[in-house]
Ligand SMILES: Cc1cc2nc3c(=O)[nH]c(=O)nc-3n(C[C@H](O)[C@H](O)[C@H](O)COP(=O)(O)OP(=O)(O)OC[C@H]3O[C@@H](n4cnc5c(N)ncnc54)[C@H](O)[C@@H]3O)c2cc1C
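Heads up, the chain below is alone and in the form predicted on its own; it's given as structure tokens.
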Amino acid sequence: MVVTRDDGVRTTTTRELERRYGADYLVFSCDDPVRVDEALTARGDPPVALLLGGLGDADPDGLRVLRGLHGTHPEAMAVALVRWGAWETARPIFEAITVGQLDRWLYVPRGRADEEFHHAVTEVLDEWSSRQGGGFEAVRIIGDRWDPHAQHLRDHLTRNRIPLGFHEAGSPTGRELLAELGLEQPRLPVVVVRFRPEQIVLQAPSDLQMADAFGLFDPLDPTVVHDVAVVGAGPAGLGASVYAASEGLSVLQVECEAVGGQAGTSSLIRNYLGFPTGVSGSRLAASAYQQAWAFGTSFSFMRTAQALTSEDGLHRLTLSDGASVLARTVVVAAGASWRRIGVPELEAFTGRGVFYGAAVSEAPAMRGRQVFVVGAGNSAGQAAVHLSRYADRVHLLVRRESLVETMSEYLIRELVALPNVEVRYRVQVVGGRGADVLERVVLRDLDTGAETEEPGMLFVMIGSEPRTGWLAGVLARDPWGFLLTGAALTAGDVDPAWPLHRPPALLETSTPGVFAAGDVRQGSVKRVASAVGEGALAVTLVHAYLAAGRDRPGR
């Protein structure tokens, strides 16, 4: 829907949209916002994917008009349409985007086949489509909505940007699909891998069985020596593998879950360099994965690093399936896992109303519900914003008195501006109850001690714990499990101690040739950009280490 009083803008934009998208979308144009609903009703009230509202001399109230239309059609993407060079519109547009009143902005097409315009439109339509669900199902899951195993699979596949369809086993569609597969009493969830030459059907599959069905579980040769083994495929690990492989090093990357790490669960990262309108964590991670793969990085999925040993300048990683790999250097970028909430009665509801970092995959199931998000960092804020598009009401629960020290200013402003989001300070979750799923949450006011019980489901993002337990006694860690690197290794009694006469490199751990990057490292900055930067810096240090030859104790 193109709404603007500027005849030239309306005509040019509508013509370009009809030429490129007319086969799949109805394209309307209107010079009077009051007549928009009348025009839609005349065509059967189709769902609105994209609202393009003019902003400029002819439409000085364009943003107000868009807000009004978006209130009537909240499922649509709201996009401001401006002429190139209308710099006076920049500030109000950026302000509207910051507080969540606008999704995007576009320049009016400057002629026929304006590919920059169409590229931007396609990106917006892609985001709208992903919010709606449906479409091509590369993988189909048939199971119970609140089964933790089904939730685990949905989360992993969504984070890896696998086109996914989920069907309730007890629904008419679910029963029909099971009957077509010849399954009368299957072990749920049933996973149908539909993109392989021959359809593969799995019942209650493990992660390893999923990886094998996807063709990702290739055997590893324990005698091959890689230049770099990267543990973890979050921003730091992907940054390391991209730079290492692009510079000619042989790289093996081990990832136990989905690419992207915790960043991959973010619905929209707005402050990452080069993405002025934001980028989802899963999209950013998928692009980085493709980049690393194109440069020659070898990936090993669904295997967890369980041990690290070093001998004669080589390092061996032992993996969860018993396989092992050799490398001249190692970059530990295993990231962190979400800290558990620590309320025993809530642990039983994990995946059944209590979710850790699964806001993107579970958001569509929150339609018509009230949800609580626990946390005060950017991840919690991004989850609350994303869930607000589906849930009736979202409560962000914060133990602190303010978000200023823990959350980016743009997110705070957006949360405050969203009408169905409430930020509640000095509140703690202390209990919950339900039958098959979590139904009610018990909250405590930390100032008065008063407790209330409210209906809703829970998303927990209260910080993270480094995934370094497998390195205890092997690499030096601080009391919280973060790996010590660089100068921290020589700043007191460290066990195990730094073994060489030369000082450790900036990101080098207590084992020469083993480096750490990202959230596993003590003192790291919890931002995607800094993690990518540390991954790149680690590769520079790897080059220096390899150029100097093997280090030996006492050298």
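Nothing here was measured: the structure is a model prediction, and the numbers come from that model. Position 1 is the first residue in the sequence shown; the rest follow in order.
Another form exists, predicted in complex with the ligand; not displayed. Remarks below refer to it.
Asks: In terms of non-hydrogen atoms within 4.5 angstroms, which of the given stretches 495-503, 24-32, 43-51, 510-518 touches the ligand in the predicted complex?
Replies: Single hit among the candidates: 510-518.
Asks: With a cut-off of 4.5 Å between heavy atoms, is Phe214 one of the residues that contacts the ligand in the predicted complex?
Replies: The answer is no: Phe214 has no heavy atom within 4.5 Å of the ligand.
Asks: Hey, in the predicted complex, is Arg303 touching the ligand, heavy atoms inside 4.5 Å?
Replies: Although the ligand is absent here, Arg303 would touch it in the predicted complex, with heavy atoms inside 4.5 Å.
Asks: Just to confirm, Arg467 within 4.5 Å of the ligand in the predicted complex by heavy atoms?
Replies: Because a heavy atom of Arg467 falls inside 4.5 Å of the ligand in the predicted complex, the answer is yes.
Asks: Is there a heavy atom of Val528 no more than 4.5 Å from a heavy atom of the ligand in the predicted complex?
Replies: Answer yes; at least one heavy atom of Val528 falls within 4.5 Å of the ligand in the predicted complex.
Asks: Note which of Trp338, Trp128, Phe299, Tyr107 lies within 4.5 Å of the ligand in the predicted complex, where distance is taken over heavy atoms; exactly one does.
Replies: It is Trp338 that has a heavy atom within 4.5 Å of the partner.
Asks: Within 4.5 Å, heavy atoms only, which of Ile142, Ala263, Ala229, Ala292 is in contact with the ligand in the predicted complex?
Replies: When the ligand is considered in the predicted complex, the option within 4.5 Å is Ala263.
Asks: Since the partner isn't included here, can you check whether the ligand sits close to all of Gly237, Glu255 and Leu268 in the predicted complex (heavy atom within 4.5 Å for each)?
Replies: Affirmative, all three are within 4.5 Å.
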